[in-house]
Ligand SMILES: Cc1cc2nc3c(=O)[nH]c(=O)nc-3n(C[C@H](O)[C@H](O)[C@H](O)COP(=O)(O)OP(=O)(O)OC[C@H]3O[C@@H](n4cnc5c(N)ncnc54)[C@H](O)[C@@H]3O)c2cc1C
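What follows is one chain in structure tokens, specifically the form predicted alone.
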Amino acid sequence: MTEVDLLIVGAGPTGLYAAYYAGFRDLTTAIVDSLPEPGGQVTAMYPEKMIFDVAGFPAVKGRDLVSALVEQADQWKPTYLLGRRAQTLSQVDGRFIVDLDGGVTVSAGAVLISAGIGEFTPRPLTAGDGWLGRGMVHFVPALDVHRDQDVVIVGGGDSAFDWALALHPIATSVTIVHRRAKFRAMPATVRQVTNLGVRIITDAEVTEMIGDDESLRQVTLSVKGEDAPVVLPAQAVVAALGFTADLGPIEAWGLEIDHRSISVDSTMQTARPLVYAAGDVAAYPGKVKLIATGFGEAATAVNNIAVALNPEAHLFPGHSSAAE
């Protein structure tokens, strides 16, 4: 059994910052996440994407932001329990007992849930059945893998257009295929991609992926208004069709949950005492879901947890610039 003052469920940016702040408040910490690496959605979905709304950084690549947050948290040596899913939550003698899959158990004085949108599953591309890892991907964790390739991106959201922008300088060709005429992506990003000359085919669907056992060679499209199928060269298909998400076992933890969001008060405490939430998973009137918001919520939660675990502690921690 791992015994800590605070268990953080979710190793995204909010959870990593909470681990740093918990160490600053002299709390021992463990971080659990179902993903094999820290960083949450940032690591899994857009590590190469530039992020523009983090204070102190005019722009920062997702991968670099996560690396800096891990380095910051590691000052206090948190215990990482990655690739594991938090299952059940119970209380014994005033402490929380959280069972993880794989037979691991954590005992903690308090729990902070920073699980973002929860566990997410990419929506499938029907024509891509059997091609995952053989030419089809859902995310682009490393741009250079697609250097000098013909890349077809399927989707019309922000991720599809962001990856088109990122891949355009290094790929032989980039084509966006979307089944509708309108896009969900930000209009400014759509203009950027269009101005680069990226080919965009709307009212179209990928109907077949063709290649051999080891690699993809081309894709076939059905395009509205075209009598014959359209064939494109493709060594890679990025299926950016969005994802479904749920909180999994957390939904049975006795919390107030609405549409995958956990209701919290001004201290970030949930309906269950000593269980807190921060980041995208936390909900309250006027909530704005930003990484920057999550950082502030993490600090608020941890400072209140410090007092809840030790009533003699001060809510205000002092300024970090004064720490030795």
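Residue indices: 1-based, along the sequence shown. Think of the rigid core as the biggest set of C-alphas that the two forms share within 1.5 Å after superposition. Not measured: the values here are computed from a predicted model.
Here the subject shifts to the form predicted together with this ligand, a form of this protein not shown in this document.
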property	result
Per-stretch contact check against this ligand in the predicted bound form, the hit in 168 to 176, 80 to 88, 187 to 195, 230 to 238 (non-hydrogen atom, 4.5 angstroms)	80 to 88
4.5 Å heavy atom contact, V32 to this ligand in the predicted bound form	yes
Contact of G157 with this ligand in the predicted bound form (heavy atom, 4.5 Å)	no
Partner contact for I51 in the predicted bound form: this ligand, 4.5 angstroms, heavy atom	yes
Any non-hydrogen atom of Q41 within 4.5 angstroms of this ligand in the predicted bound form	yes
One residue of F139, F120, W76, F96 in contact with this ligand, assessed in the predicted bound form (non-hydrogen atom, 4.5 angstroms)	F120
Stretch 95 to 114: residues contacting this ligand in the predicted bound form, 4.5 Å heavy atom cut-off	S114
Post core alignment: G248 C-alpha displaced by 2 Å or more between this form and the one not shown	no
Flag for G83, CA shift 2 Å or larger between this form and the one not shown after aligning core	no
Pairwise C-alpha change, D158 versus D53, in the predicted bound form against this form - closer or farther, 3 angstroms or more	farther
F139 and L100, C-alpha gap in the predicted bound form relative to this structure (3 Å or more)	closer
